[in-house]
Each structure stands twice: as structure tokens, then as C-alpha cells.
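Below, in C-alpha cells: the form predicted alone, a single chain.
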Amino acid sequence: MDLADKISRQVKEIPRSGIRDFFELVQSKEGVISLGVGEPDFPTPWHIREAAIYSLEKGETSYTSNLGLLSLRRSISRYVGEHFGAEYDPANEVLVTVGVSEALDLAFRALLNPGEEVIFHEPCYVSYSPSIAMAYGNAVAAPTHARDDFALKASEVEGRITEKTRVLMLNFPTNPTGAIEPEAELEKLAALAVKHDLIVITDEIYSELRYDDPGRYVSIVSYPGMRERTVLLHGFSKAFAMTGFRLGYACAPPEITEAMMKIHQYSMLCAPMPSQMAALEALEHGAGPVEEMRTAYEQRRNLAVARLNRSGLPTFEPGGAFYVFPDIRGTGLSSREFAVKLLEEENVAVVPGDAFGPSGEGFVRCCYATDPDLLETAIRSIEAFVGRNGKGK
């Protein structure tokens, strides 16, 4: 029996993650300094871990409502209202999920009919296109460019809208570039969504990690006419350093929340109780540690950008997240060639830019959420590597 013939065509056609493929190579080497995995290097703040521990000690290990703990949903509603300028009813407009990845999957499956199109900007997080495909939708990439600091131009979106377009997918600050969407373009995108009756899914997972005017954050959901057509996704992995807790949420009008919850109740049922208790503590008392981590990331960003530019790799200064996306085209190497050769010669791991879509070719992603001493060592190694492997050498 050929088991390969038993796999669904839909799954067969989905490519493996370019990040995971590359890191299988990384794992074959010892002593590698990794600037690859997009994960905070800080441990989850103690008071948040303590909330999870107390939850276990008190025997709070049962199922919760499919939507999530009401106390957590109320806290999410307050937080989103303060942070994003949109009010949501915790009773029927907030859904707690197993990470933002589940929320994204639920949104696509709840909204898409087979063959309908989702426009998203690229380079982008590796899960977007496969998640669209798994929901039987068609992924339509709108490229962003270094000359625009990787902001999405509304004109790029408008030129790709067809009668099959159903959803516009946004992620700012962006993984892998750290780009911020200018408010002027965000306003144009909102107008396009209203004009063409599109649903917008906005992945706001890096919203707290803003470096330029961090007190001011504008989400597309706050524009006129957008709350009723937007699914706002957020979670605790990045800003609160809670990746292993796998806790996210979606805020949306009740009709969409109900549709997403229907899928959630038959697949995940609910998010884990201890993770929900930890998330509640994070929202109620976690602002101080978030600001401390944000400040540390900003210092590392400044170091990485300055040194990479000095080494001959043009690198724009990202406004958020914890990635830099240096341009390596001047070396004459492809993204993968650069990453593999850097790993072989210097034991430093970065992610080839084409792992984030064709628009990422000619770049590599470096995550600076790593120990400052290791970051300094890695950058020195990159400088030495570029010095040896500049174009024509």
C-alpha cells in the first residue's frame, strides 16, 4: 500500500515551512548562535508563572466555557478597548484560543468558501498562505518593498481585488520585517475594505513592541466602518513572553465570533485553564515587565541596525517587533546561500528571506530577541563573514 496516495491533495500541496527546513540543518551543528526563532529570550515574568502555578495548586484544571473564562474575556475587552480603541462585548464578541495560530485558522475557516481569495502582504509570517489553503481559499500576495520600509501600499491591494476577494489580511508590526503601516496607507486600506465589502483580519501580536512613539498605536479596527468588518487577533506570546502557554484571542462581531466558536468547540473545545489564569494575570498586572522588555529590544534593535548597515548590509530601522531584515543582495548570494554559508563558516543562524515568500528573496531575517552578549558575538561574526564574502570575492 502506498500511504502517500492516502494523504489528501490539499495537504500534499502545502509546502513545508522554510524556517523548519532550515533549522533541521541548524540542529545538525553544535555551538550555533541562533538569530532565527522568533521567540522572546526573556522568561515569562514570575508573577504570571505564579498565577499558573496557583491555578494548578488550587485544582483549577477543568474545562472552561468554549469562549474562555468570562473573567479573562472581560479583561481582554478592557485591554482591547484601551489599546486598540474598539469596544467588544465579552459575552459574545471575544473568543479565547490556543494561540493566535488557532484564532487565524478559525477565522479563515469561518469566513472562506472554496476558491475565495485572501489578499495578504509579503514578506509575511510563514503560516498565512498555508492557513488560507487549508481553509480551501486562494492566497493572493501583495508585495512590499525595502524602498517603502516594507509598508503595504493600498494601490498594491486595490490592483489585486477581484469579485472573488473576500478577506484582507494584515500584520503590523510585521514578521519578518518589523515594518509599521503608515496611518495614511492604513486609512486607504480601510476605505478599500468598505468600498469592496471586505472582511479584514488584523494580526496584532506585536502591537506592544513599538519603538517609535510607542504610546501611539493605531489599528485599522479603529477607523470608521471597520469594527463591524474586522477580526482582531492578539495574544500573549510575544509582548508577555508566554510562547509556551499557547494563549491567544479573537475579537469580532457576534456573528463571526459564533462561527469561529462553532469550529473551536469541535476541535479544541477550550484553551487550557492554567494558561487562561496566567493570561488574566498578564493583562491585569503585566504592563511593567512588558515595558522593560520593550526597552531592552529597542536597544538591541539600535545595535543591530547600526552594525549591519556599517558591515555593508543595508538594513532599514524597523518600527516594531524584534526582527531586522538586512538586504544581502550586495554579496551576490541568494538568501539561502547566504544563510547556509554563514552557518557553515561562522556558526550563526539566520533565516533565508524567501522562507517568508518570494518577496523576501535577497534578504535574511535576524531575530534580536536574544542574549545581548550572544547578539554582539553574532553580529561580529556576520561582519567578518560579509568582509570575506562581499560581491566579487
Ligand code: PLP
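Note that the structure is predicted; figures quoted are calculated from it, not measured. Start at 1 and count along the sequence shown; that's the residue number.
The form predicted in complex with ligand PLP exists for this protein as well; it is not shown, and the discussion that follows is about that form.
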{"property": "Ligand PLP contact at S311 in the predicted complex, heavy atom, 4.5 Å", "result": "no"}
{"property": "Distance check, F108 to ligand PLP in the predicted complex, heavy atom within 4.5 Å", "result": "no"}
{"property": "Contact label in the predicted complex: K238 to ligand PLP, heavy atom within 4.5 Å", "result": "yes"}
{"property": "4.5 Å heavy atom contact, S207 to ligand PLP in the predicted complex", "result": "no"}
{"property": "Location of ligand PLP contact in the predicted complex, chosen stretch of 182-190, 257-265, 219-227, 92-100 [non-hydrogen atom, 4.5 Å]", "result": "92-100"}
{"property": "Interface residue in the predicted complex among R166, K153, R74, R246, criterion: non-hydrogen atom within 4.5 angstroms of ligand PLP", "result": "R246"}
{"property": "Single option in Y128, F84, Y88, Y297 placed near ligand PLP in the predicted complex, where near means a heavy atom within 4.5 Å", "result": "Y128"}
{"property": "Residues in 162-181 with any heavy atom within 4.5 Å of ligand PLP in the predicted complex", "result": "N171, N175"}
